[in-house]
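A single chain, nothing else alongside it, follows as structure tokens in the form predicted on its own.
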């Protein structure tokens, strides 16, 4: 069984070119929503390499002809434009800042668009993404602390799974982040013999 990610559709009110974030599953309901809003999917943003976040690309590409952006272009069966950290893209009338935050995977990116932050599996409401070990967890927490929690506290977080949140809510209630905010050197979270 595959747990699909949250897929997000971003487009102008009047219709036209639109962005799809993490096409984990493409079904008739999503296609109808795209068509009802008079959107054409011109760009796809993939937060990271896990199948649940890009499994629907094959179906999507049979209907639309978007440019696909990802941190690991060699992992996909379709042409993909590689993302660079801190790169700002102008897509479908929107300014998109790509923020690399490794830890969950090495190619994990968050996308900052206006007052919205699409975090994939980097950060969820109330918890951080899963990691394979203490080094990866320290890397993820360091990235979240220095790259995401520095954004405006009113920024709305749209995670890869689960409900939405805000930067302020995560600072107040996410126990992993509360603990990390109190540690100046996040290497303390890792096994000392591995770091030194």
Partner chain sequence: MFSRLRCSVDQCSRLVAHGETTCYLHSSNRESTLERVAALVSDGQRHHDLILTDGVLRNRMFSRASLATCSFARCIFCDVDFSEAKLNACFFDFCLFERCRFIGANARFSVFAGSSLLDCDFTDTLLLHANFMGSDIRNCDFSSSDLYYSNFSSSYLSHVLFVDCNLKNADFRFTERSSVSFRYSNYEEACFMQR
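Numbering follows the first chain given and starts at 1. Because the structure is a prediction, the values reported are computed rather than measured.
One more form of this protein should be noted, the form predicted together with its partner chain, which is absent from this view; the next part is about it.
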Consider the chain as shown here, without its partner, and state which of 63, 134, 151, 156 has a heavy atom within 4.5 Å of its partner chain in the predicted bound form.
156
Based on heavy atom distances of 4.5 Å or less, which listed stretch (38 to 46, 166 to 174, 66 to 74, 52 to 60) is in contact with its partner chain in the predicted bound form?
166 to 174
With heavy atoms only and a cut-off of 4.5 Å, decide whether residue 129 touches its partner chain in the predicted bound form.
yes
Heavy atom to heavy atom, is residue 106 within 4.5 Å of its partner chain in the predicted bound form?
no
With a cut-off of 4.5 Å between heavy atoms, is residue 78 one of the residues that contacts its partner chain in the predicted bound form?
no
Is residue 147 a contact residue for its partner chain in the predicted bound form, using a 4.5 Å heavy atom cut-off?
no
